[in-house]
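As a starting point, one isolated chain is supplied in structure tokens, in the form predicted on its own.
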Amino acid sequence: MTSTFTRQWPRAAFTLSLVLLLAGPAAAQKIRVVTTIPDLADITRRIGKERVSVHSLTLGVRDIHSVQVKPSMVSLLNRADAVVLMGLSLEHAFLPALLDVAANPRIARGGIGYIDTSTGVVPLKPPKTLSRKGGDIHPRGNPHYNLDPVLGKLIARNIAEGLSKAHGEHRAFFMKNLQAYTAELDRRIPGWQKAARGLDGVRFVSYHDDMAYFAKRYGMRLFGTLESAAGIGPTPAHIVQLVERMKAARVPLVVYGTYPSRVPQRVARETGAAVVPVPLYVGGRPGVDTYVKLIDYLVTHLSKAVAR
């Protein structure tokens, strides 16, 4: 028996080595990435492709400011190799507590797998004071920069750099995919700018101030919000005053994302403005299953609304 094993071992070892060689990276365990919003999940998949397994903690149809924490989120984070977040306090209501409970040093703040995609972003509208009278304010400024496709390129670069830092053996692969994805955005950005020319100078009312970066990119002007203050729902007195101001200024557009439609529809009826439900994240509307489709949807539907 010993002589038979001795004769067969070199052949078996060769066969095993050949299988591993041909399988390459596919045979290795995928890098487990958890993101806070679906946009980051989609872009991470474009950068990591078959070498990553990606889960988003939230859905595009949910309000990021009122995320329901679940035990399954802790399990995902406990096993994760990386966590990708928007930062600028967007996830402050749920992510820090989840990371504490998950007790995963790789993805703790400052850990090698902690990837904050806001690095390099110049925040809009930093608050002048931190008083709670202003509502649920973000101390570093508006965190909804995902809706600017130019900043989408920065998000992709931060993800690629973060994954490369934690998994340097794949750096060339991540950077190649980053280059291809950035090139795709570069091809589309001029077309979006051209298609959105009708939005330049258009005043609009939003439920929450979550369109700031999109508005700046395409020249739109926020007239007001349906919220009486950041994170504080509409009050009857606020809506009455807003409607009167909109009528006087002839504001043509009301937009809302992951919020109930009743108040936006009412304000639109009373002012004659067009009302447009918009996705704020990937998955926010049917068919909007990638970041590119998200920007496409916003540009197309808002442009059609103001052209009526």
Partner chain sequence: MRLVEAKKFFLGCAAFLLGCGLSVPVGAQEPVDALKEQLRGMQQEMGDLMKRIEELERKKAEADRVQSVEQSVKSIQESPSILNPSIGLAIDTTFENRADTDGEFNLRSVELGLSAEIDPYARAYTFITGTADGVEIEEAAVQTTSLPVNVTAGRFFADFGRFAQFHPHELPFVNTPLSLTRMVGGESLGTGVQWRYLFPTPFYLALTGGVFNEIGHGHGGEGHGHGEEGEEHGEEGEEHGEEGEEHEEEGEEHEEEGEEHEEEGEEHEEEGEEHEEEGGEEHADEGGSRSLRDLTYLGRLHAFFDLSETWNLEVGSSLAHSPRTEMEEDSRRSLLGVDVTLRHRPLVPGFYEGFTVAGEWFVNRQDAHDTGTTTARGGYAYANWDVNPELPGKWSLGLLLDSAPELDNPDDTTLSLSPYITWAPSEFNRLRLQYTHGWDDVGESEAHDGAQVYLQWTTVLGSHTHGFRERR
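In this text, all values refer to a predicted model and were calculated from it rather than measured experimentally. Residue numbers count along the first chain shown, from 1.
Another form exists, predicted together with its partner chain; not displayed. Remarks below refer to it.
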Please pick out the stretch from 217 to 225, 103 to 111, 167 to 175, 196 to 204 that is in contact with its partner chain in the predicted complex, where contact means heavy atoms within 4.5 Å.
103 to 111
Check each of L88, L95, L151, L185 and return the one that places a heavy atom within 4.5 angstroms of its partner chain in the predicted complex.
L88
State the residue from R266, K30, K247, K49 whose non-hydrogen atoms include one within 4.5 Å of its partner chain in the predicted complex.
R266
Hey, in the predicted complex, does P143 get a heavy atom within 4.5 angstroms of its partner chain?
no
Indicate whether its partner chain has at least one heavy atom within 4.5 Å of a heavy atom of R62 in the predicted complex.
yes
Is there a non-hydrogen atom of L253 within 4.5 angstroms of a non-hydrogen atom of its partner chain in the predicted complex?
no
Is P190 close enough to its partner chain in the predicted complex to count, meaning some heavy atom within 4.5 Å?
no
Looking in the predicted complex, is its partner chain within 4.5 angstroms of a heavy atom from every one of S75, P234 and T258?
yes
Contact set, 109 to 128 vs its partner chain in the predicted complex - heavy atom within 4.5 angstroms
R109, D116, S118, T119, G120, V121
